[in-house]
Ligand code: C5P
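As C-alpha cells, one chain now follows by itself in the form predicted on its own.
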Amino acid sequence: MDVSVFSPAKINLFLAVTGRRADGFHDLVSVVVLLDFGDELQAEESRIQNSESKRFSLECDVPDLLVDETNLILKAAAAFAAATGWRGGAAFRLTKRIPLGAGLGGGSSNAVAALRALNELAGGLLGEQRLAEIAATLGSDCALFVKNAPAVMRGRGERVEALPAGAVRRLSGRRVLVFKPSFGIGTPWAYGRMAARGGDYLAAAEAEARLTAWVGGTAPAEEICFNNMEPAAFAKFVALPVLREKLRREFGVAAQMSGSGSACFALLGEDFVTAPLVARIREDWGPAAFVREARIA
C-alpha cells in the first residue's frame, strides 16, 4: 500500500513571545495559518523480514536535508509505532518545497504528515486527539498541523485553539507572497539571542489583549500582524530589515518575518501586481532567493 500526504507550510501572522520558562522553552501567543503550498510525503508500506530489519527509511529530493534518525519524519514514525504497537514498516519519500531554516514549519508539518500516512497504512488506529497528543511530543509547532486550520497557539506552541469563524473568514483565501534569502536562521539561535537581549518580550496580558481586540472586531489580517522575534534577527541579519524598508517605501507593502525566520511574507490585495515586487526581492537577495506566491488555506 502506498499513500501520499500533503504537508503544508505555515506563517505566523501574530507572534508574541512572552517570556522564558523554567524548562528553557519560551511561552508565546501566536495566530498561525496554513498555506496552500508545501511538501508532499509518500509512504509505502514495507514488510519487516526479521527483527534486524530497518522498519522505517527516508529519501528526499533535497540533498541538504538529513534523512537519518534525527529527522522528524523518522522520529514521528518511531513515536507512532510505540504508541500503537503497529508492527509494520514504511519507506518514506519526501518531495521538499518548503525551504529549510525558514520559520515556515516544514519539519513539524512533515512529522504530522508522517503520522497521518502511517495511521492510514495501519488502518486508522488513532483518532485526531491521540494524533495531536503524539504530535505535541515531537515539536512545538506539530500540534498545529493536526488541527489543519487557522489557530491560536499558546504555551510553547502545544496548546492549539481554533480561531472563531468570523476571524477565519477574514483570513481564508488571502494572497501571500513568501520570500526567503539564501541563508536560514536556526530556531535555537533565535530564541537564545532573544533571551540574551532580554528586552524584546511582550507581556502576556498585552499579547492577549491585542489578540482579543482583533478576534472580536472586523479589522483585516494586516491589523494583527506582529512578530517580536524580529529585533534579535534583524540586528544580525541586516538584509532582512533593509529589504523590508525598501518594500514599504517603494511598493507600500508591509512585510514581516515568519516565526524565527529567515522567511518573510507580505499580504497582498487581489489586484496587486507582484512582478515588480519579486524583481526587487531578487535584485537585493540574488537569484538564490526563494519567492513563492500562495494563499491562506
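The first residue of the shown sequence is 1; numbering continues from there. Remember, predicted model here, so these are calculated numbers, not experimental data.
Below, we turn to the form predicted in complex with cytidine-5'-monophosphate (C5P), even though it does not appear here.
**Q** Choose from 54-62, 39-47, 24-32, 241-249 the stretch whose residues reach within 4.5 Å of cytidine-5'-monophosphate (C5P) in the predicted complex, heavy atoms counted.
**A** Partner-contacting stretch among the options: 24-32.
**Q** Quick one: from 86, 191, 226, 214, grab the residue that has a heavy atom within 4.5 Å of cytidine-5'-monophosphate (C5P) in the predicted complex.
**A** Spelling it out, the residue with a heavy atom inside the cut-off is 191.
**Q** Just to be sure I understand the contacts: of 96, 210, 174, 156, which is the one whose heavy atoms reach within 4.5 angstroms of cytidine-5'-monophosphate (C5P) in the predicted complex?
**A** Checking each option against cytidine-5'-monophosphate (C5P) in the predicted complex, the one that comes within 4.5 Å is 156.
**Q** Looking in the predicted complex, any heavy atom of residue 150 within 4.5 Å of cytidine-5'-monophosphate (C5P)?
**A** Residue-level check for residue 150: no, no contact with cytidine-5'-monophosphate (C5P).
**Q** Though only this chain appears here, would residue 187 touch cytidine-5'-monophosphate (C5P) in the predicted complex if you measure heavy atom gaps against 4.5 Å?
**A** Yes - in the predicted complex, heavy atoms of residue 187 and cytidine-5'-monophosphate (C5P) come within 4.5 Å of each other.
**Q** Find out whether any non-hydrogen atom of residue 71 is located within 4.5 angstroms of cytidine-5'-monophosphate (C5P) in the predicted complex, and reply yes or no.
**A** Outside the cut-off, so no.
**Q** Would you classify residue 139 as touching cytidine-5'-monophosphate (C5P) in the predicted complex, given a 4.5 Å non-hydrogen atom cut-off?
**A** Flag for residue 139 set to yes.
**Q** Across 73-101, which residues bring a heavy atom to within 4.5 Å of cytidine-5'-monophosphate (C5P) in the predicted complex?
**A** Nothing in this stretch is in contact.
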